[in-house]
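Heads up, the chain below is alone and in the form predicted on its own; it's given as structure tokens.
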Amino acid sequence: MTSQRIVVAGAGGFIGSHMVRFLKSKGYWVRGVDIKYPEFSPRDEADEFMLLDLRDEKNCLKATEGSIDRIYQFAANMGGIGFITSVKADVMRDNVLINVNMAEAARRNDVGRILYTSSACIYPTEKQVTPQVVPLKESDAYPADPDNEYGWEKIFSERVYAAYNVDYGLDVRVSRYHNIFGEKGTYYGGREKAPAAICRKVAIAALRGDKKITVWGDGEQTRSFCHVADCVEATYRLMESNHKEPLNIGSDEMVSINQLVDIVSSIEGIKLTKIHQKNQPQGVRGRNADLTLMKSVLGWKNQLTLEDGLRRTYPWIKSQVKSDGVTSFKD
């Protein structure tokens, strides 16, 4: 049992709730903080859970009081490509407020170390214009030109934490996540990401006996997807490392969205005709992670292939769809 006291901000969300469980399994004392309780995990997995709006500076100070050794800062207003391309001002305002307030609270409460979770969305648009892209290195971030406001907010917040390190000595770690997916996460309602959406659509087709599936764009856009189990392991290793610059955390196993559909369909054991919706948001044309630095810094590499992760994720989402009642879904 370790004596370290840890705050997980955003513990009501997908990655945050998994991080709470991971840290408790290692014997840490954990305080979860969020504007909402976890939707798919028990709130009592944390030693205590504070229901707080971290856009308020006073709440950030309260969340981080009490001799805290580590803060994992996951709290954010975010979602998949459909959400972040339609909600812009709210995303920028909410997330900038959260991160400025958390950085200041960590400084004033003399927190030992804080980890900020950034995103691959910070990378320049010009490096992501074809499906067969060159994997993105951490040094590719500048000159900055993200393709959406969520990405601009993320890179701005990276600069906030870097400034707090320079001016106040705040001990900071920064992860850049590349498309994290897994069980016990949002799978419907507009904030879900591609793997969850595809798993839901395949499950609905299987339960209804349909032979078709809708796919946003032409399906040739490419991404790499990292299962949440690998994500939290890598995040923990980064937090405990001496690496102070932003670090990619993700997978370098790039696939097209059409290939993603085929993998999930094969797990279910069905074949589906793809109906491409080219008027729907699809983000950059291609994105993949260069994990050379991650493997060197952490002395570790991903343990799960994309198919491994989907074999964990798909049954959970199918069970949720079945429990919700397949007639309650539009697709």
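Numbers follow the displayed sequence, beginning with 1. What you are looking at is a predicted structure, and each value in this text was computed from that prediction instead of being measured.
Another form, the form predicted together with nicotinamide-adenine-dinucleotide, is not on view; read the next lines as being about it.
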- [ ] Find out whether any non-hydrogen atom of R173 is located within 4.5 angstroms of nicotinamide-adenine-dinucleotide in the model of the complex, and reply yes or no.
- [x] no
Task: nicotinamide-adenine-dinucleotide contact at K154 in the model of the complex, heavy atom, 4.5 Å - done: yes
TODO: Consider T222 of the chain shown here, and say whether it contacts nicotinamide-adenine-dinucleotide in the model of the complex, taking contact as heavy atoms within 4.5 Å.
DONE: no
TODO: Please check if Q128 has a heavy atom lying within 4.5 Å of any heavy atom of nicotinamide-adenine-dinucleotide in the model of the complex.
DONE: no
TODO: Report the stretch among 261-269, 61-69, 34-42, 275-283 that approaches nicotinamide-adenine-dinucleotide in the model of the complex to within 4.5 Å, counting heavy atoms only.
DONE: 34-42
Task: nicotinamide-adenine-dinucleotide in the model of the complex: contacted by all of G10, A76 and T117, heavy atom 4.5 Å - done: yes
TODO: Could you check which residue among L310, I15, L23, V321 gets a heavy atom within 4.5 Å of nicotinamide-adenine-dinucleotide in the model of the complex?
DONE: I15
Open item on the list: Under a 4.5 angstroms heavy atom criterion, identify the one residue in D47, D53, D290, E57 near nicotinamide-adenine-dinucleotide in the model of the complex.
Closed with: D53
TODO: Can you tell me which bits of 159-186 touch nicotinamide-adenine-dinucleotide in the model of the complex, meaning any heavy atom within 4.5 Å?
DONE: Y177, N179, I180
